[in-house]
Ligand code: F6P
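In structure tokens, the next block holds one chain alone, the form predicted on its own.
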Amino acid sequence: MKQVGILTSGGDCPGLNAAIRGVCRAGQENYGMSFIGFRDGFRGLVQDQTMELESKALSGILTLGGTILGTSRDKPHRMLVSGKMCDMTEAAVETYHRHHLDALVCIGGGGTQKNALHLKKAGLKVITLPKTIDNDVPYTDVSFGFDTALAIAADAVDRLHSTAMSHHRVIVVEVMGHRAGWLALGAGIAGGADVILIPEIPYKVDAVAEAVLRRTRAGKKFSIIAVAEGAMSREQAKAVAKLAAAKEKARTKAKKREASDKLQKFHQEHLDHTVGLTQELQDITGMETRLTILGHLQRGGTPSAADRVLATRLGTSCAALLSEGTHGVMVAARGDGTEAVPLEKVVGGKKFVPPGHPWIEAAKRVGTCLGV
């Protein structure tokens, strides 16, 4: 009988429990496998914090948001222990062997894929599933969690229309998405936002203000602006590109660290950029402008039917791959089926919104301003 470990890592999202259930139920029912879960991501693996994933533990979790295993953003090779950053890879490997595991399933986004590859290089048999509300994991058609978050964000845009109309306001809605704009773009289109700003298309503030004023001149007294948290003005995009280039060109570790710190500082200061954008638009247009930040609201709640189906599909395919002895791969959604993609191919990549993507073209055709 194969003994398999499972953990969930990174930010939580709807569909994690459905994925856990899919892997375990399929493995137990079809391949005679047994499963143990590690609590709170890779930290649970390092500290050997476990829970049995027998049939009773899996009952009723399909529709639950979050994750019954808990999660964290800890990295096995760079973990805070007693106030110091330590490499705990060896402890993770020891836990794996202590439980006589035949494989470890890691469910998470881009960071989780990277951590899983690190453990693979340390000699563990790992297999991963892609989850993220940002939909930015490469080599998979879609990641579970995205559909639910998209519906939540679109619903928020819908609800803001009434107050924007009633008070003749401009309302800026900040949607999650640090580097990829799938969520803001989809929610903006579905919710009928008048302006959509995403990281892939640096915007001009004047162009956004003009779009608002053009609506006003046409007798439309309100505007909705959907903004990804990682969206940047053209000036900001040039600044971050310059910092990234300096990091790339750095020859010594000290110079590379200095450049990396500057880049990190930029992103930290950029976290509240929508506050400045909101005030700037009010100053230019003369219209009352308000900001709504959706934040972690987008991560919570019951997963949509589509996310439950996707997570179950990926989870059951994962169990089948485990039975075949396949490891070192991410189980990607491909059309109506799945595909095992080598972790080396996945790690380091990002799925951005392409310039000519159909969603971009659709937004343009209905007159949505993209900030240019």
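A residue's number is simply how far along the shown sequence it sits, counting from 1. Since the model is a prediction, treat every value here as computed from it, not as a measurement.
Another form, the form predicted in complex with the named molecule, is not on view; read the next lines as being about it.
Screening 148, 112, 132, 140 for any heavy atom within 4.5 Å of the named molecule in the predicted bound form leaves a single hit, 132. This chain appears without its partner; in the predicted bound form, the one residue of 78, 262, 73, 220 with a heavy atom within 4.5 Å of the named molecule is 73. Heavy atoms within 4.5 Å of the named molecule in the predicted bound form map, among the stretches 296-304, 94-102, 245-253, 199-207, onto 296-304 alone. Taking non-hydrogen atoms only, residue 177 approaches the named molecule to within 4.5 angstroms in the predicted bound form. Contacts of stretch 214-230 with the named molecule in the predicted bound form, defined by any heavy atom lying within 4.5 Å, are made by 229 alone.
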